[in-house]
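One chain comes next, on its own, written as structure tokens: the form predicted on its own.
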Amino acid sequence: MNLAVIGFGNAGGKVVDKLLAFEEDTGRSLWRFALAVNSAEIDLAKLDHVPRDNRILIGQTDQRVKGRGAGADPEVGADIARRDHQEIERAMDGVPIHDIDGFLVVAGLGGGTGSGGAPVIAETLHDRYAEPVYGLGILPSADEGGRAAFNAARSLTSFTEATENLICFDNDTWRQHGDSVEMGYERTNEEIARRVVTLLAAGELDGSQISEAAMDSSDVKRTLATGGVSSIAFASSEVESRTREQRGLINRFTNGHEESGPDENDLTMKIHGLVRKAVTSRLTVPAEIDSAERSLIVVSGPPSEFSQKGLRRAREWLERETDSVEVLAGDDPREGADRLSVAVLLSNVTRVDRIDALQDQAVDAKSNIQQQADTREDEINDLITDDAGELDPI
């Protein structure tokens, strides 16, 4: 697919920066336009790959913001996104609309600017353009507290309704014990970039070999056309040693004839095994596999590592697991790759325990917030007045 990507808020901007870096490092062609929108000037300055002219600061004239952020308040994030919509739309005039298949709006859902503003910009794009608008939402960790859960649960509803499909990524799934906050977020952003670019860039003309079983944008769009929430699985392994030798010593001792590649049965089992490993344990947000409406498998790596038999078996296995015939599969040849990778899109999953837990945490947080608001004024009055009521204010 060819996409225009918009990062909203701090997390959204960082993820877009990582997406651009991964695309460049792997020689892929996916992003036709990139924009970062934030209410905190300092966060925009930290980006490395988003062009400076495409970093938009909103809320500068709002007394609550003034370039310092939305204070984890999604109502403020949504409000300034609406107020400054003309500035955002002017920046969007740079989108080569004739050359894209859709938009991807990226945001962290636990803060203020992204959780409030991303659904607003998604609605704006939907009203202004005919191309589909997809979302990528990052769920906060449980240890980020009730306020983050409350923000995320509310934003999840709005963001899903404003997009054709919302791909979710759960921070809790990828944070490792002992990680610092910064290290944990860096790892999750890398995981997001690896999965999203591997999946969505398949089949594009970027100088790589085109195979008969290559994916194209219509396959991805069809899989994402279900609406709802989706998850991406991923797994990879090193290529066979003989494959590496062939790339490094092409025809050196074979008089123009390459040695035979890895055994076909081995490759069949390898691809089948990678797909099963990815789907059963490596989802961006854990979900019940059989609740997916549609699925798509992309195998990426050196063509000599591909096995159409393995791809067919993997597709048949996934059809059984999802109890659906709506499973597409194809490959993405990468001559210089040193790993064989599989990315699997599970579209419109409807049983996601992490989202259920997030909503429960949000309901508890809302109750606590309301309870505190109800008693706070009385507590303040008790603090600043004497017990006998003998003192008059000045």
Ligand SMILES: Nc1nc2c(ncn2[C@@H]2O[C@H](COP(=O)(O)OP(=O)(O)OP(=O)(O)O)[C@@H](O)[C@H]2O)c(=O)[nH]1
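Quick note: we count residues from 1 along the sequence shown, nothing fancier. Since we're looking at a predicted model, the values are computed, not measured.
What comes next is about the form predicted in complex with the ligand, which is not displayed.
Within this chain, residue 144 lines the site of the ligand in the predicted bound form, having a heavy atom no more than 4.5 Å away.
Under a 4.5 angstroms non-hydrogen atom cutoff, the ligand in the predicted bound form lacks residue 104 among its neighbouring residues. Contact check for residue 140: a non-hydrogen atom falls within 4.5 Å of the ligand in the predicted bound form. Put simply, residue 310 is far from the ligand in the predicted bound form: not one heavy atom of it is within 4.5 Å.
Checking 363-371, 64-72, 44-52, 332-340 against the ligand in the predicted bound form, the stretch whose residues place heavy atoms within 4.5 Å of it is 64-72. Just one of 158, 124, 236, 189 comes within 4.5 Å of the ligand in the predicted bound form, counting any heavy atom, and that one is 189. Contact residues in stretch 1-40 (any heavy atom within 4.5 Å of the ligand, taken in the predicted bound form) are 9, 10, 11, 14, 38, 39.
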